[in-house]
Ligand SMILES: Cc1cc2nc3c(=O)[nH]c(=O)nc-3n(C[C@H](O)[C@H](O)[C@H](O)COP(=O)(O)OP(=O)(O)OC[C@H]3O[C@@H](n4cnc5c(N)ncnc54)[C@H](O)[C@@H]3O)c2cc1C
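The data below hold one chain only, encoded as structure tokens and taken in the form predicted on its own.
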């Protein structure tokens, strides 16, 4: 006979459970705890405490055994994650290695993951732009995906809310396609970036080059001091973890804030197997967890559950949460769960040189990265033979080089006295991809991981729309570079697999109709009303903006609604 421990079950019961501690999970936890809910935060990876667990944050280049390069053997063992720009000796400990959690690529997909408390909020590129009604109205207007159940007005106050707390640097640019926010002072463009801005805006009405908006504290406000954070030091070593809290992460901001309430229980090393559904009650009652180290199976219970495991893992958990009521995944009455997954197309870049303004050079570092070109294609009318459009980054730098042809004293003198060259300039695209039913993730029927969870199969690819958009970006950016007088223009067709953008979205999309979507306008499951999904899995379409700020706003908004419904007795 089983030994039933009633007290143990009570100890494992909470008001709310949050699955995942990254950007959206941290926000869900903060908002729930602030509203007085006893909240359990489950993280499948190890614990990482702010400052204490950033081992490389203050290391000098010569203190790394391989000068921040990873050995050849490590790269060979990790052909996927080693493609990521931040996977070097100083931050490799924050990434999932290829063998640690395998998956099946029906089509090439580079799944970049960070399994630890804070998730990828320790590693993200920190670019933050609001969506506009051009984005939320896109599917209804252009005829792809399903209509978003919300518009910008529904999210505006929540953008305000999260921006003030997180700390977003940017300029007020007055662009309807890229709404202004509650900004700290923006980081200025350098002299060549300003020159490019003037050249393009003078030649092309409707095209703008602005200072990139980023989650860095350029000027601390009282709310940031209260969090224990201070001004960004412009070190641009962010992937190591920031001891100053200069950029936003769950570790430095939302999780400590939640912990201060005394309402949060954080449980790392907790691999979520599935969400438990009670068919009699018609609701989810808890979460089944496998301890990462001991493989012990544990169940936790709560009135409401927020799923913030990051888009693809959220799909995995929900697909694995089966019952007689939901044989194909929790809340999957529409049979859309795991489908309509999309991403951002980063598959092209353009580089060049500029021979002017040689009496200037760059000094110091810009954590915002330089300029940003908001989407200008197909905004007010359909003007191309492809749907939607792209945004682009733009940056300029002054390079130094030294003659390395000499020997002995001459070589040493040359190396110690490098000479400034021309300005280098570069741009990368960030295109909106179209969600399609044939872009999906699914569970393998036979293979399981070390914790007994089915391996995930990923089948996502580019399509004709992406190729047309890519060509337009390359042609258009080359033309703009010529207008600005840049020389030695080089087109780079990157041909990287989907996934390396690390902006995967969808699979648990929002919509008006329960027959064609999984979530309603509150990020609440149509069929299981006490389950909410507020990470990238909820996205109906992708826009051209970096998505993390929108996940934060969704999380705060949904918690506010969920708690209100709990008080009314509806949840």
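Residue numbers count along the first chain shown, from 1. This structure is a prediction, so every number in the text was calculated from the model and none was measured.
Just so it is clear, the following notes concern the form predicted together with this ligand, a form of the same protein that is not shown.
- The stretch in contact with this ligand in the predicted bound form, judged by heavy atoms within 4.5 Å, is 498 to 506, chosen from 513 to 521, 498 to 506, 61 to 69, 32 to 40.
- Using a 4.5 Å cutoff between non-hydrogen atoms, residue 114 counts as a contact of this ligand in the predicted bound form.
- Interface membership of residue 170, defined by any non-hydrogen atom within 4.5 Å of this ligand in the predicted bound form, is ruled out.
- In the predicted bound form, residue 347 stays away from this ligand, with no heavy atom inside 4.5 Å.
- Taking the partner from elsewhere, residue 470 is found to have every heavy atom lying beyond 4.5 Å of this ligand in the predicted bound form.
- The partner is absent here, but in the predicted bound form a heavy atom of 270, alone among 270, 320, 465, 82, sits within 4.5 Å of this ligand.
- Contact residues in stretch 190 to 213 (any heavy atom within 4.5 Å of this ligand, taken in the predicted bound form) are absent; none meets the cut-off.
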